[in-house]
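Take a look at this single chain in structure tokens; it is the form predicted on its own.
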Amino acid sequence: MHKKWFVFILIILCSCTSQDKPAVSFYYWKTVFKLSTIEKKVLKDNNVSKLYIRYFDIDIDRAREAFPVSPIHFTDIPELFTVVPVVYIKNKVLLESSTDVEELAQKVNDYINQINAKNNLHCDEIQIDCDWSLESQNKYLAFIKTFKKISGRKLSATIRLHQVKYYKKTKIPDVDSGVLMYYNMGTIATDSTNSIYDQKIAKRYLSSLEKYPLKLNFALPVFSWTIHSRDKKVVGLRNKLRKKDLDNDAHFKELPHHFYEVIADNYKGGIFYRQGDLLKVEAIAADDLLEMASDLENNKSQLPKEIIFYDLDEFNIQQYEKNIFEKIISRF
């Protein structure tokens, strides 16, 4: 082979290899946008250019009307990033008989525009996050269709595993792309399973990915929580309570399968823990993330453009080695 041709082909192969890897993106799910030094470094080290920022939730008030909850407040302005506003709509909003989807779509779009205008932000894409059900399906699909027309922007939607496997029943929203939420697979309960991620549960759905018609990016979890139970009933989720916090506190005794028993009444982080209460720590290890990436790679129908990590918070990030995101992307 001629030397020039060989060099040319080598350049093409090398460029394809780098371009074909998904980009790293993050969800930002706090109510105040202010990046810490650690968060800024993670974004820089991983060449992150896009942030999916939760703008507000939609809930139902006492008058049975939809209203926005906990809108984002920007202390910092994310000038260096492409911003994708994310709106989380509770399913009960769509189940409410009085909900008018056209009115709701207009109000959601107007509120996004107000937040953007106030903070001098621009967006070309909006994402709707909703775990719709068969009962709310028609209203959800109608909302998406109306919202896309009103907003005039690119639209993406979150997709759950069951919506992939049973898409002929759950239907596919009229969006430009979807994001497979590859977490929260189980039920928050007092048993020993991890509700955030369980490979056995995931494998029931993975084979369906190849047949799903909508283009998908993947969202992976980099968060943990602790399930607090009393008398075999869940009483709450404790988001900022890790294993090491419990190991260093004499009020808690470690048990098998990531459980801890409260051995004396105490307050921790403003929460009361009664003697006999149980805590189950659910976390995602680096090996779990690499396993997820490999399973998704082996079952995908096409290469995702992005891997979006939920969520950007130094509390979460500090649990992992520096190059974890690079390792995950290398699996695709």
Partner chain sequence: MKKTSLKKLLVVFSALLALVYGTIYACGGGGDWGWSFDSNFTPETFVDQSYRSLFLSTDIFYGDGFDNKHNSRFNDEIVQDWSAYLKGVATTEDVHYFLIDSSAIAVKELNTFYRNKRSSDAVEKWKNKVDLKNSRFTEFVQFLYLAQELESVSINNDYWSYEPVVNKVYKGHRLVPALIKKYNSVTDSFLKNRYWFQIVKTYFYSDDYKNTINFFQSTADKTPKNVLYYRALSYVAGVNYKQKQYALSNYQFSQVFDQCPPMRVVTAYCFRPQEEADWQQSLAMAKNNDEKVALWALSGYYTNEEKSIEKIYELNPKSEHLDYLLTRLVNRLELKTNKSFEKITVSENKKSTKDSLTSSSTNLVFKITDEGKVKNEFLWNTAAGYLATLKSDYKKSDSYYKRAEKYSTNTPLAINQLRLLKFVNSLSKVNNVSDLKKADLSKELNWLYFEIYNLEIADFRFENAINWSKTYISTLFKADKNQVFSELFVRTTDFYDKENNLRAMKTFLDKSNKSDFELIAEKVYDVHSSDILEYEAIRAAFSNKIPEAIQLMQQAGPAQNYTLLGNPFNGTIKDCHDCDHIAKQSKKYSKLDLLNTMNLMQDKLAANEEVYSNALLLGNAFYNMSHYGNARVFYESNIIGYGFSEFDFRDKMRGMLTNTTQSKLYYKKALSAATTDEQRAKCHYLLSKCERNDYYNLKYKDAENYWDRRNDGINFLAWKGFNELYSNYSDTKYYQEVITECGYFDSYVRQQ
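Residue numbers count along the first chain shown, from 1. Just so it is clear, the structure is predicted and the values come from calculations on it, not from any experiment.
This next part talks about the form predicted in complex with its partner chain, which is not shown.
Although the partner is absent here, Ala66 is a contact residue: one of its heavy atoms lies within 4.5 angstroms of its partner chain in the predicted bound form. Interface membership of Gly276, defined by any non-hydrogen atom within 4.5 Å of its partner chain in the predicted bound form, is ruled out. Mapping the unseen interface onto this chain, Asn266 counts among the residues with a heavy atom inside 4.5 Å of its partner chain in the predicted bound form. By the criterion of a heavy atom within 4.5 Å, Ile58 is counted among the residues contacting its partner chain in the predicted bound form. Of the candidate stretches 107 to 115, 219 to 227, 156 to 164, 123 to 131, only 107 to 115 has residues with heavy atoms within 4.5 Å of its partner chain in the predicted bound form. Of the candidates Val32, Ala285, Ile38, Leu303, Val32 is the one whose heavy atoms come within 4.5 Å of its partner chain in the predicted bound form; the others do not.
With the partner omitted here, the residue from Asp198, Asp231, Glu254, Asp76 that has a non-hydrogen atom within 4.5 angstroms of its partner chain in the predicted bound form is Asp231. Contacts between 318 to 332 and its partner chain, taken as any heavy atom within 4.5 Å in the predicted bound form, involve no residue at all.
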